[in-house]
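The chain below stands alone and is given as structure tokens, in the form predicted alone.
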Amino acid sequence: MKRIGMLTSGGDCQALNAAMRGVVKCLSCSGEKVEIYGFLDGYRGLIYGNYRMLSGEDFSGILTKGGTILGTSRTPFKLIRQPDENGIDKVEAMKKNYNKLKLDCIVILGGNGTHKTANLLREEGLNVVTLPKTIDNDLWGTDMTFGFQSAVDIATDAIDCIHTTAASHGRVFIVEVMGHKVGWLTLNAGMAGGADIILIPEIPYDIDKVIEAIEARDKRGCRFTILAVAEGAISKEDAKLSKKEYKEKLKKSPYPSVSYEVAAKIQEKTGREVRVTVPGHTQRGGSPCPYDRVFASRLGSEAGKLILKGEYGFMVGYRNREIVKVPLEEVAGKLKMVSPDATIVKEAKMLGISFGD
């Protein structure tokens, strides 16, 4: 009999349910007797002992379902060692609940912050296997995360829909895509949607270069321009500021986000009409695309295989088109950024896409 805990932590995304289903189906098809304990609302459930025992019926019909049947929440890693408002030691509480249920392993699905805590639990002696979810595709150690392709599809669809109205009115349109620190989602959606300008956090932009790209299109007779802008895009001037200085600037900014600031400056310097569209949390929502359903199922089944073999302390990742196991200590605390010299960036520029640099 194996007793397995499971939780989803951080922001939700598509295919969390598909991944959990993959784990459970692998274990059940092996003939091994298994008890699954689902912790509710992420690490919060593990800290406070909020869980429910799950049966096979709980995982039936959820392959196509978005979100997470276990619920999720954000538990910042930087606060994990700090007692809560009632003085509870969060790490000790998680260990206590893990041992109380006599778990053989806990499966944790999450992104960068989630993996930092998962690695901490591994260091504290818990058996942990993780799965890489995030629409940002920014987890170190894996070429792909589930949720990413579904989000790319949604963001691309938003850009596609903007094309007709932008062309009809001869306007500059900005589509703001999720991604505070990393630009993979904006880069891929921008290229797929035929954006003319892509602004991402890793390549600070010069607003004059952005305007040059718009005016160059005007001279070629193009009536409109579409910008795909990551929510974490930053100007060259702001990139020179310290983190503290930049945070202070944002607090005082009259703009709700960088896209509105870019829009205001384009309008001020060119007189062109500019509109901003923010798909927002729709990028996290809805059913997973077919790619993510397959991908998450594959990752889940490989996680089940690791559990059956008693191999713990790994994230199940994807490298060079193969599913691999990656030591958690290699993953935790690292972000997979877009390099300004990345082949995909060079190829985008060869297609005439401006990055404002």
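Predicted, not measured: the structure shown is a model, and the values here were computed from it. Start at 1 with the first residue shown and count on from there.
Note that the form predicted together with a small molecule isn't included here; everything after this is about it.
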| query | finding |
| --- | --- |
| Residue contact check: residue 284 to the small molecule in the model of the complex, 4.5 Å heavy atom | yes |
| is_contact(residue 180, the small molecule) in the model of the complex, heavy atom dist at most 4.5 Å | yes |
| The small molecule contact at residue 176 in the model of the complex, heavy atom, 4.5 Å | no |
| Residue contact check: residue 275 to the small molecule in the model of the complex, 4.5 Å heavy atom | no |
| Option from 220-228, 135-143, 235-243, 154-162 whose residues, in the model of the complex, bring a heavy atom within 4.5 Å of the small molecule | 135-143 |
| Listed residue (269, 96, 171, 74) with a non-hydrogen atom within 4.5 angstroms of the small molecule in the model of the complex | 74 |
